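Next up is one chain by itself, shown in structure tokens, the form predicted alone.
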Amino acid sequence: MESFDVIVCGSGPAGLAASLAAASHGASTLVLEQDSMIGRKLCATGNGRCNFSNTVHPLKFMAEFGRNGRFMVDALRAAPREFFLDLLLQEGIRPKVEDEIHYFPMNGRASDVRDAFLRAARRAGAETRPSVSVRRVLMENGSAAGVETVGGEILHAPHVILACGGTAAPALGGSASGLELAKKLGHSIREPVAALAPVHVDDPWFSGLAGVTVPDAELGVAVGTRHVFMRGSLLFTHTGFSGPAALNLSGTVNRVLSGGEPAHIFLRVVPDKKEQDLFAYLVDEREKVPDHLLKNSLARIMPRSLASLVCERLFGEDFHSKRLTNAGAHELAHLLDRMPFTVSAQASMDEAMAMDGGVLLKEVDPRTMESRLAKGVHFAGEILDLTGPTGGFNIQFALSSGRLAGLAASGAL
């Protein structure tokens, strides 16, 4: 029977960062990966380009994860983005910033980010074993003692890091295996739903707009008596919406749907203009250019194809501005300010880039990522109930929480 100081379950960004941290501080470290390929999902992120971090200030970074974002204070302190930027440079990977926000590898290959962490971890002494699934974490006297693999092998270690990821993207290795290991240890799991996924509406009357992008839109959903809105680029699809605004809202939409009721969502196609502003704009257009087609006036503030479709649905084809009554202007302004849709079906995990849900944060010590229920067991990354928006947030959290877990498990803190 083999013994190690630290066993890391999972080879995504959290697992690689954890193994590098532990091995670099003298801990004999073993990484077990159930997939045949190390870091498969990491290699596919960002359409294979890997948006691994961003330039957002740490306070705003945490705020993007919602009310529980402060959980990652210690993780970001132990491993800020600058640490990983320096690591990549040391490994010959030059980061670049796009849109003044998003970090990608200069060469555009996500696999190079994986390779950089893997090389550094192996050079520090970490061992990796793909195609090995863990059946359970072994405990002795309330403390971690190692793992038992599905093949029946016993591997000893006083520290086990569960960085197994989540259920999203099963084709890339996503599964509930880590959540099941956590359950066996007595941990509570917030039931996962798909996040960072498309939103499919019941009546996509706009399906003819598939491929059209609104550069700046706001998509919202009713959650009880309040509304949650996400703003950003929005892409029309044959069945609904995609793009950052939809992807970032999808976890909330699917959480509402998990309660058994349809979700009511709202689209604001001109988020900088309130309903009264839109009404004033329409009346002004009627006075200034009465003989112009109304759809041409709308096309100055939204995509032309969407403007044409909205006008056709409300007023018929080739409707002139001079025919627009005040009542009609109010109706159109209200529609543009809050265009309603109903969603009855959740997106599948096959479509998702992340899951919303996981191990409850109250059962994990944020200073060490150690379980409050099982001494010597640490968590990192997507397995935790903390999901951020697109744009490098989730990978950065996975890297930072993984490094903190590895430092704690190796005794370096």
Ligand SMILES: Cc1cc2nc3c(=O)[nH]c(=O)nc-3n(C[C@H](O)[C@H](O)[C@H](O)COP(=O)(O)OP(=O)(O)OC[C@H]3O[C@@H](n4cnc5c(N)ncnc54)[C@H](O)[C@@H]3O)c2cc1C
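One-based numbering along the sequence shown. These figures come from a predicted structure and were not determined experimentally.
As for the form predicted in complex with this ligand, it is not shown, yet the points below apply to it.
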| item | value |
| --- | --- |
| Stretch from 340-348, 366-374, 66-74, 40-48 whose residues place a heavy atom within 4.5 Å of this ligand in the predicted complex | 40-48 |
| Listed residue that, although this ligand is not shown, lies within 4.5 Å of it in the predicted complex (heavy atoms), from 308, 297, 237, 177 | 177 |
| Touches this ligand in the predicted complex: residue 173 (any heavy atom, 4.5 Å) | yes |
| Distance check, residue 93 to this ligand in the predicted complex, heavy atom within 4.5 Å | no |
| Contact label in the predicted complex: residue 22 to this ligand, heavy atom within 4.5 Å | no |
| Residue 132: touches this ligand in the predicted complex, heavy atom cutoff 4.5 angstroms | yes |
| In the predicted complex: members of 324-362 within 4.5 Å of this ligand, any heavy atom | 352, 353 |
